[in-house]
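Take a look at this one chain, the form predicted on its own, written out in C-alpha coordinates.
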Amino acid sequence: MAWYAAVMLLTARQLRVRAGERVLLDGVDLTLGAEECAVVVGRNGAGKTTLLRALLGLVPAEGEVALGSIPRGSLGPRERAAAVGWLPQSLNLAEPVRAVELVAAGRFRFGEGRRARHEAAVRSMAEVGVEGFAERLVHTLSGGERQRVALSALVAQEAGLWLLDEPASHLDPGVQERVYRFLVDQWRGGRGLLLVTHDPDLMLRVVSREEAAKVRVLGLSEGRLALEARLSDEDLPEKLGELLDVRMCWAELGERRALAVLGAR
(Lines give C-alpha, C1' and ligand atoms only; values in the text may rest on other atoms or scores of the structure.)
Protein backbone atom coordinates (compact mmCIF):
# COMPACT_ATOMS: atom_id res chain seq x y z
CA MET A 1 0.00 0.00 0.00
CA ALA A 2 1.09 3.62 -0.48
CA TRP A 3 1.00 6.77 1.70
CA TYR A 4 -2.59 6.12 2.77
CA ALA A 5 -1.80 2.69 4.28
CA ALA A 6 -3.15 1.80 7.72
CA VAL A 7 -5.35 4.91 7.98
CA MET A 8 -9.00 5.59 7.28
CA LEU A 9 -9.00 5.55 3.50
CA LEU A 10 -12.02 7.73 2.82
CA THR A 11 -13.99 10.06 5.08
CA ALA A 12 -16.93 12.27 4.12
CA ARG A 13 -18.76 14.56 6.49
CA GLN A 14 -22.07 16.33 5.90
CA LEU A 15 -22.00 15.99 2.12
CA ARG A 16 -24.73 18.06 0.47
CA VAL A 17 -25.42 18.44 -3.23
CA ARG A 18 -28.09 20.69 -4.70
CA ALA A 19 -29.42 21.11 -8.23
CA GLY A 20 -31.38 24.33 -8.20
CA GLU A 21 -34.07 23.89 -5.56
CA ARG A 22 -33.62 20.10 -5.46
CA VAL A 23 -31.49 18.49 -2.76
CA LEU A 24 -29.71 15.45 -4.24
CA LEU A 25 -27.60 14.63 -1.18
CA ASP A 26 -28.61 15.79 2.27
CA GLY A 27 -25.92 15.65 4.96
CA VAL A 28 -24.35 12.25 4.24
CA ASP A 29 -21.59 11.04 6.58
CA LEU A 30 -19.48 8.13 5.36
CA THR A 31 -16.27 6.39 6.31
CA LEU A 32 -14.63 3.59 4.38
CA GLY A 33 -11.56 2.01 5.89
CA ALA A 34 -8.64 0.56 3.99
CA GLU A 35 -9.50 -2.93 2.67
CA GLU A 36 -13.23 -2.52 3.34
CA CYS A 37 -16.05 -3.42 0.94
CA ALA A 38 -19.37 -1.56 0.89
CA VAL A 39 -22.33 -1.69 -1.49
CA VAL A 40 -24.64 1.30 -1.96
CA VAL A 41 -28.28 0.55 -2.71
CA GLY A 42 -31.43 2.58 -3.18
CA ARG A 43 -34.29 3.32 -5.54
CA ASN A 44 -33.79 5.31 -8.74
CA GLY A 45 -33.08 8.93 -7.90
CA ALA A 46 -32.00 8.16 -4.34
CA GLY A 47 -28.61 9.84 -4.86
CA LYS A 48 -26.31 6.84 -5.37
CA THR A 49 -24.41 8.11 -8.41
CA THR A 50 -24.40 11.63 -6.98
CA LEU A 51 -22.73 10.30 -3.84
CA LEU A 52 -19.86 8.76 -5.79
CA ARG A 53 -19.43 11.86 -7.92
CA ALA A 54 -19.43 14.10 -4.83
CA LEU A 55 -16.79 11.93 -3.16
CA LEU A 56 -14.63 12.33 -6.26
CA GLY A 57 -15.18 16.07 -6.52
CA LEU A 58 -16.95 15.76 -9.88
CA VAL A 59 -19.96 17.81 -8.75
CA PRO A 60 -20.11 20.92 -6.55
CA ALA A 61 -20.81 19.81 -2.99
CA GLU A 62 -20.88 21.17 0.53
CA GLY A 63 -19.11 19.27 3.28
CA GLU A 64 -15.72 17.64 3.69
CA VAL A 65 -13.99 14.73 1.96
CA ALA A 66 -10.60 13.41 3.08
CA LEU A 67 -8.33 10.63 1.83
CA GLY A 68 -6.38 9.32 4.76
CA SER A 69 -6.01 12.39 6.98
CA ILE A 70 -5.57 14.76 4.03
CA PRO A 71 -8.42 16.85 2.57
CA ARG A 72 -9.09 15.69 -0.98
CA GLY A 73 -8.62 19.20 -2.36
CA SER A 74 -5.09 19.36 -0.94
CA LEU A 75 -3.93 16.42 -3.06
CA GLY A 76 -2.47 16.76 -6.52
CA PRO A 77 -3.84 14.76 -9.48
CA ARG A 78 -1.27 11.97 -9.16
CA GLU A 79 -1.83 11.60 -5.42
CA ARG A 80 -5.59 11.41 -5.94
CA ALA A 81 -5.09 8.84 -8.70
CA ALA A 82 -2.97 6.75 -6.34
CA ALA A 83 -5.77 6.77 -3.78
CA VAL A 84 -9.01 6.53 -5.78
CA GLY A 85 -10.07 4.96 -9.06
CA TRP A 86 -13.48 5.56 -10.67
CA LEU A 87 -15.66 3.38 -12.87
CA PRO A 88 -18.71 5.29 -14.19
CA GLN A 89 -21.97 3.56 -15.05
CA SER A 90 -21.17 3.78 -18.75
CA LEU A 91 -18.19 4.88 -20.80
CA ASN A 92 -19.21 7.15 -23.66
CA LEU A 93 -16.31 7.84 -25.98
CA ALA A 94 -16.86 8.90 -29.58
CA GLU A 95 -13.21 9.56 -30.46
CA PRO A 96 -11.31 6.83 -32.36
CA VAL A 97 -9.19 5.62 -29.44
CA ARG A 98 -7.82 2.09 -29.28
CA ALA A 99 -8.77 0.17 -26.16
CA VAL A 100 -5.14 -0.38 -25.15
CA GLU A 101 -4.53 3.38 -25.37
CA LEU A 102 -7.47 4.07 -23.08
CA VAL A 103 -6.16 1.56 -20.54
CA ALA A 104 -2.62 2.96 -20.79
CA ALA A 105 -4.00 6.41 -19.93
CA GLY A 106 -4.79 5.01 -16.48
CA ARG A 107 -1.03 4.92 -15.88
CA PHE A 108 -0.55 8.70 -16.06
CA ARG A 109 0.33 9.00 -12.39
CA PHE A 110 3.46 6.88 -12.79
CA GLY A 111 5.30 9.18 -15.20
CA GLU A 112 6.67 6.23 -17.15
CA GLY A 113 7.59 5.94 -20.82
CA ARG A 114 5.24 4.92 -23.62
CA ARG A 115 6.55 1.36 -23.86
CA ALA A 116 6.19 0.74 -20.11
CA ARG A 117 2.65 2.16 -20.17
CA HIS A 118 1.71 -0.06 -23.10
CA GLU A 119 3.11 -3.20 -21.46
CA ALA A 120 1.28 -2.42 -18.20
CA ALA A 121 -1.95 -1.82 -20.14
CA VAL A 122 -1.66 -5.18 -21.90
CA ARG A 123 -1.09 -6.94 -18.56
CA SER A 124 -4.10 -5.18 -17.05
CA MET A 125 -6.34 -6.16 -19.96
CA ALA A 126 -5.19 -9.76 -19.65
CA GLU A 127 -6.03 -9.70 -15.93
CA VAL A 128 -9.62 -8.71 -16.76
CA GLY A 129 -9.75 -11.07 -19.76
CA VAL A 130 -10.15 -8.46 -22.50
CA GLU A 131 -6.70 -8.56 -24.11
CA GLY A 132 -8.40 -9.53 -27.36
CA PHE A 133 -9.92 -6.04 -27.53
CA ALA A 134 -6.55 -4.24 -27.32
CA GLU A 135 -6.51 -2.95 -30.92
CA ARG A 136 -10.26 -2.35 -31.17
CA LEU A 137 -11.56 1.23 -31.22
CA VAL A 138 -13.44 1.84 -28.00
CA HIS A 139 -16.50 3.38 -29.67
CA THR A 140 -16.99 0.19 -31.73
CA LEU A 141 -17.24 -2.02 -28.64
CA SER A 142 -20.53 -3.04 -27.08
CA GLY A 143 -21.54 -1.46 -23.77
CA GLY A 144 -20.45 -4.54 -21.84
CA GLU A 145 -17.12 -4.71 -23.64
CA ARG A 146 -16.46 -1.03 -22.94
CA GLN A 147 -17.26 -1.60 -19.27
CA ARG A 148 -14.66 -4.34 -19.01
CA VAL A 149 -12.07 -2.23 -20.83
CA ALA A 150 -12.77 0.60 -18.36
CA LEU A 151 -12.26 -1.90 -15.54
CA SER A 152 -8.87 -2.74 -17.07
CA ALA A 153 -7.95 0.95 -16.86
CA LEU A 154 -8.69 0.82 -13.12
CA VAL A 155 -6.37 -2.15 -12.78
CA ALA A 156 -3.66 -0.23 -14.64
CA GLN A 157 -4.12 2.79 -12.35
CA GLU A 158 -3.37 0.72 -9.22
CA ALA A 159 -5.41 2.90 -6.86
CA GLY A 160 -6.01 1.76 -3.30
CA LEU A 161 -9.77 2.38 -3.42
CA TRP A 162 -12.23 1.81 -6.25
CA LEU A 163 -15.54 3.66 -6.57
CA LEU A 164 -17.74 1.73 -8.98
CA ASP A 165 -21.15 2.75 -10.33
CA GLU A 166 -23.08 -0.35 -11.40
CA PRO A 167 -19.89 -2.21 -12.45
CA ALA A 168 -21.84 -5.06 -14.05
CA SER A 169 -24.22 -2.90 -16.07
CA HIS A 170 -24.71 -3.90 -19.74
CA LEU A 171 -23.23 -7.35 -19.04
CA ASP A 172 -24.71 -10.80 -19.62
CA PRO A 173 -25.57 -12.67 -16.36
CA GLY A 174 -22.56 -14.98 -16.56
CA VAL A 175 -20.19 -12.10 -17.20
CA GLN A 176 -21.79 -10.12 -14.35
CA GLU A 177 -20.86 -12.84 -11.93
CA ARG A 178 -17.31 -13.09 -13.30
CA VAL A 179 -16.88 -9.32 -12.89
CA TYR A 180 -18.08 -9.49 -9.29
CA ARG A 181 -15.75 -12.41 -8.60
CA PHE A 182 -12.91 -10.31 -9.98
CA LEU A 183 -13.89 -7.37 -7.77
CA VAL A 184 -14.07 -9.55 -4.67
CA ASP A 185 -10.63 -10.95 -5.48
CA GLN A 186 -9.38 -7.35 -5.56
CA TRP A 187 -10.93 -6.76 -2.14
CA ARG A 188 -9.36 -9.94 -0.78
CA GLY A 189 -6.04 -8.64 -2.07
CA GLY A 190 -6.32 -5.46 0.02
CA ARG A 191 -8.17 -2.99 -2.20
CA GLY A 192 -11.10 -0.99 -0.80
CA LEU A 193 -14.39 -1.12 -2.74
CA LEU A 194 -17.40 1.19 -2.69
CA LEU A 195 -19.86 0.13 -5.36
CA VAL A 196 -23.36 1.09 -6.37
CA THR A 197 -25.64 -1.79 -7.28
CA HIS A 198 -29.30 -2.49 -7.91
CA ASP A 199 -28.73 -6.17 -7.09
CA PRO A 200 -26.91 -6.84 -3.79
CA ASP A 201 -27.52 -10.55 -4.35
CA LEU A 202 -24.76 -10.42 -6.99
CA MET A 203 -22.30 -9.86 -4.17
CA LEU A 204 -23.80 -12.71 -2.16
CA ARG A 205 -23.14 -15.09 -5.05
CA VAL A 206 -19.39 -14.55 -4.94
CA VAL A 207 -18.52 -14.21 -1.23
CA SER A 208 -18.45 -16.78 1.54
CA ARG A 209 -20.83 -16.45 4.47
CA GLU A 210 -17.91 -15.28 6.61
CA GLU A 211 -17.06 -12.60 4.05
CA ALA A 212 -20.71 -11.52 3.79
CA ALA A 213 -20.52 -10.54 7.45
CA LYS A 214 -17.78 -8.05 6.52
CA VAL A 215 -19.54 -6.46 3.53
CA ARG A 216 -21.31 -3.24 4.48
CA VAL A 217 -24.68 -2.32 2.97
CA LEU A 218 -25.43 1.41 2.76
CA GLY A 219 -28.92 2.41 1.71
CA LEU A 220 -29.81 5.84 0.34
CA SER A 221 -33.29 7.34 0.29
CA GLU A 222 -34.02 10.85 -0.97
CA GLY A 223 -30.36 11.81 -0.60
CA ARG A 224 -30.04 10.60 2.99
CA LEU A 225 -28.28 7.59 4.42
CA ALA A 226 -31.29 5.54 5.55
CA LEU A 227 -29.75 2.09 6.06
CA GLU A 228 -26.49 0.72 7.44
CA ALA A 229 -26.22 -3.04 7.73
CA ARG A 230 -24.08 -6.07 6.91
CA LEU A 231 -24.74 -8.37 4.00
CA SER A 232 -25.25 -11.29 6.40
CA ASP A 233 -27.73 -9.61 8.78
CA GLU A 234 -30.80 -11.72 9.47
CA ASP A 235 -33.11 -8.72 9.12
CA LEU A 236 -31.48 -7.46 5.89
CA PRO A 237 -34.38 -8.56 3.62
CA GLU A 238 -36.84 -6.63 5.78
CA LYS A 239 -34.65 -3.51 5.81
CA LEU A 240 -33.88 -3.67 2.10
CA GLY A 241 -37.52 -4.34 1.28
CA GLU A 242 -38.60 -1.23 3.14
CA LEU A 243 -35.90 0.83 1.41
CA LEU A 244 -36.72 -0.47 -2.08
CA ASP A 245 -40.50 -0.78 -1.59
CA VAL A 246 -40.59 -4.53 -2.26
CA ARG A 247 -41.16 -7.67 -0.23
CA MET A 248 -37.98 -9.69 0.27
CA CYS A 249 -36.84 -12.77 2.14
CA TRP A 250 -33.86 -15.06 2.53
CA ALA A 251 -33.83 -18.13 0.28
CA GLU A 252 -31.57 -21.15 0.66
CA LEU A 253 -30.26 -22.29 -2.75
CA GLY A 254 -28.18 -25.38 -2.07
CA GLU A 255 -25.13 -24.16 -0.18
CA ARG A 256 -25.83 -20.53 -1.03
CA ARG A 257 -28.05 -18.02 0.67
CA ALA A 258 -29.84 -15.59 -1.62
CA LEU A 259 -31.92 -12.43 -1.33
CA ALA A 260 -35.25 -13.16 -2.99
CA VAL A 261 -37.73 -10.51 -4.14
CA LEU A 262 -41.31 -11.64 -3.62
CA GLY A 263 -43.00 -8.69 -5.29
CA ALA A 264 -44.06 -5.11 -4.75
CA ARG A 265 -45.27 -4.05 -1.31
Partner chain sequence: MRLAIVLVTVALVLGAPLIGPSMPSGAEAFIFWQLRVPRVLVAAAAGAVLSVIGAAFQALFENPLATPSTTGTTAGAALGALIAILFLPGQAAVMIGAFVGALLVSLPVAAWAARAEARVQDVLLGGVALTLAAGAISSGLQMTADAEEALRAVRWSLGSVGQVGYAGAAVLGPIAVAVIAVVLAHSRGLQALVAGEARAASQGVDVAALRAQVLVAGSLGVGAVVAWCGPIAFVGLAVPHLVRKLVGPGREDLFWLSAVAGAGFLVGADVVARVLISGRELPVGVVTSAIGAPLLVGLVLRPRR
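The structure presented is a predicted model; accordingly, all values stated were derived computationally and were not measured. Residue numbers count along the first chain shown, from 1.
The protein also exists as the form predicted together with the partner chain; that form is not presented, and the subsequent description refers to it.
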ask   = When you measure heavy atoms, are 144, 168 and 170 every one within 4.5 angstroms of the partner chain in the predicted bound form?
value = no
query = Out of 125 to 133, 170 to 178, 186 to 194, 97 to 105, where are the residues with a heavy atom within 4.5 Å of the partner chain in the predicted bound form?
reply = 97 to 105
inquiry  = in the predicted bound form, does residue 112 come within 4.5 Å of the partner chain, counting heavy atoms only?
reply    = yes
message = Just checking whether residue 116 would be counted as a contact of the partner chain in the predicted bound form - the rule being heavy atoms within 4.5 angstroms.
response = no
query = Using 4.5 Å between non-hydrogen atoms, is residue 86 touching the partner chain in the predicted bound form?
reply = yes
ask   = Do residue 164 and the partner chain share at least one heavy atom pair within 4.5 Å in the predicted bound form?
value = no
Of 213, 226, 58, 70, the one that lies within 4.5 Å of the partner chain in the predicted bound form (heavy atoms) = 58
